[in-house]
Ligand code: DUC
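Read the single chain below, which is given as structure tokens and is the form predicted alone.
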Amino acid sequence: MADYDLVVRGGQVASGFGTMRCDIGIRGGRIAALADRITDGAAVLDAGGLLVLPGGVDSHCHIEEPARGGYVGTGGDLAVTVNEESFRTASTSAFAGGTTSVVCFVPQWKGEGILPRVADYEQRAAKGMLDYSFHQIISDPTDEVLEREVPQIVAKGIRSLKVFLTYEPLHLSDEQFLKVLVTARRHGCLVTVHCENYAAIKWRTEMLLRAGMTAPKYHAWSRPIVVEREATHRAIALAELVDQPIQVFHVSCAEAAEEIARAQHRGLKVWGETCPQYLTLTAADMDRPGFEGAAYMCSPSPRTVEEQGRVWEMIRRGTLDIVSSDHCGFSMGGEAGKAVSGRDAPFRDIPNGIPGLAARLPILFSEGVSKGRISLEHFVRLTATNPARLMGLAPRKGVIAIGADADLALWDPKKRVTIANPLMQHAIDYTPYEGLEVTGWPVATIRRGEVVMRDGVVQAEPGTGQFLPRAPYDFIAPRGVLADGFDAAPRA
């Protein structure tokens, strides 16, 4: 009987801290050996000439997220939207792009608790092939939800709460946000935040629509950089007051990142992520004929080519230390998706979000590593090691180390591919990255020792994904630094 179920042979194994040529021995879904030469494997996968990377960890994606109404933009009446991306199709797309684990979102609907939504989402997620964990959205922080229900989901292993400072009907007031921060601190949760100023966006949107500026390109005008910068500053200040660690989601500009950098300089536990759309797309992409610009609408809005360069600098500095996809897909065709309110709808009523599960790693590798903006080790940290650590999935995920799950992406660093929607293998009928040429592409994906994608063909059985419960972990523990030494939110 062979010592190992699978041996990955002859690859250049990359970690967040260096590379080495070695074989990887896998047993029982875990990495059991790293050595110059491993011969005793029941199966062998030749990685000669390839990089062997940790399977990607995408800590921000919307998958099969039920919506009663649905958040569609900056205000006004809500349209009914259909989230087309199921856990099965999302798993296929993720494996095609080298990602093996995700953290996605359980919704909360106004006037309701969170427990029914958690139970429903657990059943949906169990049908996929990806390994997964959850963020819990809090849009109605009643005493019942915060005091009785949040402790129950924490006991299940859900250890991050998501809040929105914009969008109707999801946005929280400062008072409500403080209550969520207090609850998170008491129960050892991370808080993740969408930082844009609701009132400012609502006002600008009303003025734009009154002036007849309704096309998709005016989505960017409705939410300029200042509304993201202000909300980021405010979120950090309130988190500092409570002594609660936070992560700022999808940072699109240097001004918001500078607020995070200042907080980090003061020793605060504040982290920032960005996404490929803020490194490759611009507001000009929304300035296209008719409804075409809707394909590029997301929030915060893509900015300018010059701003992309500034975001790259914030990545190099380490201020922004995670790159997620913020996968949130709505098809352009049909009566649902982007056109749910009609193809002549004002930008306010067009669903925000773009697909990106499969595109995340190839775009970042090509634009970052292949073009010399970041090192290979930095790429691994941004896409696997750092998100796993921040989300409490380490050391099981995000690393190539003995005892870790055998989640791997075999990567051809020289392969040139022109991105086209069929390659994305998602349920959405387009990709905003159509026609983008990338250098570097995954040729095989391994999830817990099983080859789930090879040469673009995904071969994983539905229902084989595993929930990843998160126990308490010190990385997100409060600092214990309190204004005037008064603890207004003692931990449980």
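Please read these numbers as outputs of a predicted model, since none were measured by experiment. The numbering used is simple: start at 1 and walk along the sequence shown.
Another form, the form predicted in complex with the named molecule, is not on view; read the next lines as being about it.
With the partner left out here, the named molecule still marks one of 402-410, 145-153, 293-301, 308-316 in the model of the complex; by a 4.5 Å heavy atom cut-off that stretch is 293-301.
Using a 4.5 Å cutoff between non-hydrogen atoms, F164 counts as a contact of the named molecule in the model of the complex. When contacts are judged by a 4.5 Å heavy atom cut-off, N352 counts as touching the named molecule in the model of the complex. With a 4.5 Å cutoff on heavy atoms, R448 does not count as touching the named molecule in the model of the complex; it lies far away. Contact check for R30: every heavy atom lies farther than 4.5 Å from the named molecule in the model of the complex.
Of the residues C104, V191, C328, L393, just one reaches the named molecule in the model of the complex with a heavy atom at 4.5 Å or closer; this is C328. The partner is absent here; in the model of the complex, the one residue of R360, R185, H250, H171 having a heavy atom within 4.5 Å of the named molecule is H250.
Residue H62 is the only member of 50-67 with a non-hydrogen atom no more than 4.5 angstroms from the named molecule in the model of the complex.
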